[in-house]
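Take a look at this single chain in structure tokens; it is the form predicted on its own.
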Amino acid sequence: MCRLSVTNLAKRFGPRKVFSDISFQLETGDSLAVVGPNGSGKTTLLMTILNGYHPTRGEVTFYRGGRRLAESQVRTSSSLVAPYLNFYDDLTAEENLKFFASVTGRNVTGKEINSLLDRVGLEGRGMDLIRAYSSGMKQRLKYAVALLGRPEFLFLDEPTSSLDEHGKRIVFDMIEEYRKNGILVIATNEREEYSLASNLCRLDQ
């Protein structure tokens, strides 16, 4: 059983307040949608939880089996899917998957790669260079990367960005499957996306 605890979290950039007094507790099987208009701080909140930004105030704690996780453990047990994450265009999809696995100290087999590509609707495209991928294909490949290590904490920022209806269905099915056994946090202002979560955190601009 895992747990994510966020207590009185606040973030400022200089004099500008982005958000304040954000608190919630999530356990394995729980999901949360962070909603709000553009510029309300959704991405900043996700990045603060993941230690991409240092909070102005408050605390974020990850637990597994009642034990607090160290920062290195949080990195290997968490994944993020977001529009601003990029691939190496001169590498194939398989090479990108192997590279991102190695960054976190994992080895991934060809069978695992093929299974992940099939899961995101990219079967037979593993040897294609990323520069030949459409934006929707790249977005689906991000889910393959995110699920490489079977993360216990999954963070999604605009989860269906660049996806057509077929791509959205693949992602929605994947999210529904994941949320049963992990902790899911979604940042979005799209109703069809935040309806996938069982809890809501609303940010004001």
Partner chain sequence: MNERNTALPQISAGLISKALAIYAKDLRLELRSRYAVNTILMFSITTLAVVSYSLGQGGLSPRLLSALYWIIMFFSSMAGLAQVFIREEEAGTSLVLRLTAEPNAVYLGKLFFNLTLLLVMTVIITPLFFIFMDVPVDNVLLFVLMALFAVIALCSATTLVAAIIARAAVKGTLFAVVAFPIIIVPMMVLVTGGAKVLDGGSVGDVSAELQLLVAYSGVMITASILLFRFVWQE
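It should be emphasised that the depicted structure is a prediction, and the values quoted were computed from it without experimental measurement. Numbering follows the first chain given and starts at 1.
The same protein also exists as the form predicted in complex with its partner chain; that form is not shown, yet it is the one meant from here on.
Asks: Is its partner chain in the model of the complex close enough to 55, 60 and 88 that every residue in that trio has a heavy atom within 4.5 angstroms of it?
Replies: Yes, all three are in contact.
Asks: Can you tell me whether residue 71 touches its partner chain? I mean in the model of the complex, with a 4.5 angstroms heavy atom cut-off.
Replies: Residue-level check for residue 71: yes, a contact with its partner chain.
Asks: Decide whether residue 31 counts as a contact residue for its partner chain in the model of the complex under a heavy atom distance cut-off of 4.5 Å.
Replies: Output for residue 31 is no: heavy atoms all beyond 4.5 Å of its partner chain.
Asks: Can any non-hydrogen atom of residue 103 be found within 4.5 angstroms of its partner chain in the model of the complex?
Replies: Yes.
Asks: So, in the model of the complex, is residue 112 in contact with its partner chain at a 4.5 angstroms heavy atom limit?
Replies: No, residue 112 is distant from the partner.
Asks: Hey, of 160-168, 173-181, 43-51, 133-141, which bit sits against its partner chain in the model of the complex at 4.5 Å between non-hydrogen atoms?
Replies: Going by heavy atoms within 4.5 Å, the stretch is 43-51.
Asks: For a quick check, can you give me the residues of 121-155 that have a heavy atom within 4.5 Å of its partner chain in the model of the complex?
Replies: Sequence-ordered list has one entry, 129.
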